[in-house]
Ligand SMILES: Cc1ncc(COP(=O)(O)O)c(C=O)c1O
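Consider the single chain below, provided in structure tokens and representing the form predicted on its own.
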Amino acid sequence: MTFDVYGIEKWGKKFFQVLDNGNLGLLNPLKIKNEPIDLTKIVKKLNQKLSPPYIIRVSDYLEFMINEINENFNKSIKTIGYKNKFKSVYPIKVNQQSQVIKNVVKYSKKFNSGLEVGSKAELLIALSQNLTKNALIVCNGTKDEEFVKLSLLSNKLDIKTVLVIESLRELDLIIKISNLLKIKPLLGIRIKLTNLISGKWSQSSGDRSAFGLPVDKITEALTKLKKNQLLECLILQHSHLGSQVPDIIEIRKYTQEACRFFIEIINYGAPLKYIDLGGGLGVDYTGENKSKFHSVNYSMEEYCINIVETLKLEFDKAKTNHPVIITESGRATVAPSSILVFNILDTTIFDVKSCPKLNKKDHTYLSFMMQILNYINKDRIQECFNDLNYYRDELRILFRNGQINLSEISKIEKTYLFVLNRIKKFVEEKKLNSNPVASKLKNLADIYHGNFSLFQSLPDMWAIDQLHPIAPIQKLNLKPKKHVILNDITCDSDGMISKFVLNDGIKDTLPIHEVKKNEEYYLGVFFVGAYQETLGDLHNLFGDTNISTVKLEENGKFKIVHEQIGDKISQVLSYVEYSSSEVLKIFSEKTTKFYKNNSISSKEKNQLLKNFKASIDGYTYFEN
């Protein structure tokens, strides 16, 4: 028996399944007849060498998503009768990690897919990849002279590097360097479309967006290109709707507007060959299939069909040749392939199993608190809650004034928690969700302390309230009896997760099992492959986690194909301008001084130095 309170069948139906033993299984969407792989077995294997937390990358999931995007577009093109092809371009900024990029290139090579870059560093990564001859490198973002030179010269190596014009200033720079090097560029032009999208990234759409040419500057750019005999080099039109677009209607409208600009630029005389529609393909993080920030109201198939159909209708109407379709679907490509797995280190339980016994010395208000247990009912629930808090607050004042001792206030707090939990239980059993007391009781959640840094591994959950599904990877055949919020290992009150994706919607607490003494209990955070691995910061100097890339095999087996050791303390010290050798030298001198003063023994001195050196070379997270 399983209890899918976490909505695994909704958000993880292609990738995850609860096994008969209650553990979470990894499905292989490339080979659907293969039996699931027990995720706890992967964790146990990793534990032989490494310590949690880990990022576990499932290479099969990355390959599957690349296939899904390309094959659905190719199928739509064939079905609708579009007279050209599709070419995917992966935006490196979504996840720049070396193993991710290598696998993206590897799995997308058969589709002649390319890469999108937005900085010089990303351009170097792209140029060093073994792309096919027909693949494009699309260069977006602000470009300096060095960026432009490198892009132009790379075309000498038979690499199709397209410089996308973002501004008139940038166009002047490209013209200048092109004339200097005597190299004709491959050019694109980025258009600011007027359509606005809904959701978190609406500011990246519309004519007030940061990048690209507004309508009034497009003809000026085209005139300048024509004057400098470079209009023939303009082969690509680019526009960007924004990340995680929730509504398919917005995608249709945006595609339609992009077509209008494309047709007008063709009519001006530019030989455009590619229409790059940028990103936008969303991930259904919640499994709700709705037009919401954390979800989308369309399938992959519907997304592709809508784009291809809209393009064909508009280009046929204008009697314009169909261009190659490009999309930059980074989030959808890599998000499903990574899982953050961490262990629970400790728990803070706001629960008392039994009510303390009253004695003659106890304050009258304590007896009044206990009497509340006798009149908990539907009509008096607000009264019970008010009385309980009043008596507790009055007794706390007495403690602060020295009229009640530590032992007495401890008993009072235990009584308060016992009565409060009885009120909470009554509200839940009677389903009094609309009662004002119900919302106040949400603060009663227990706290589970996890071995992870929210700021390092899940920065979007902290910064923009992004939701990622979270679920235990074991005991899924047992009904969870606790309702908790999650706290990370940092010393920051913001290091807390208090919104969760569940089967019945978004909730303020996570149903979870009791963690027994000396028990290893793991949670997984899913769909973290997009942005989370590269946006993290060094709050409290917690660095990158250990990373493992896993390949799913037959008969419940798996293969660890790559391991990346997480940051050592020496590394994170260097990030903030400390020399680990200098730090060690100073501490060594300090211990020697105390040894010479006979404040510590030789054994204690050696032990201190040994522990200090071990820490410098150790993992930044909690280690068993």
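Sequential numbering from 1, following the sequence displayed. Model, not experiment: these values are computed from the prediction.
The discussion below concerns the form predicted together with the ligand, not included here.
- For the marked spot (Pro91, His238 and Gly279), a heavy atom within 4.5 Å of the ligand in the predicted complex is present in each of the three residues.
- Between 175-183, 327-335, 227-235, 387-395, the stretch whose residues reach within 4.5 angstroms of the ligand in the predicted complex through a non-hydrogen atom is 327-335.
- Proximity to the ligand in the predicted complex, taken as a non-hydrogen atom within 4.5 angstroms, holds for one residue of Phe315, Phe455, Phe261, Tyr531, which is Tyr531.
- Of the candidates Ser113, Thr255, Thr549, Ser243, Ser243 is the one whose heavy atoms come within 4.5 Å of the ligand in the predicted complex; the others do not.
- Put simply, Asn140 is close to the ligand in the predicted complex: some heavy atom of it is within 4.5 Å.
- Contact annotation: Arg190 falls within 4.5 Å of the ligand in the predicted complex, judged by heavy atom distances.
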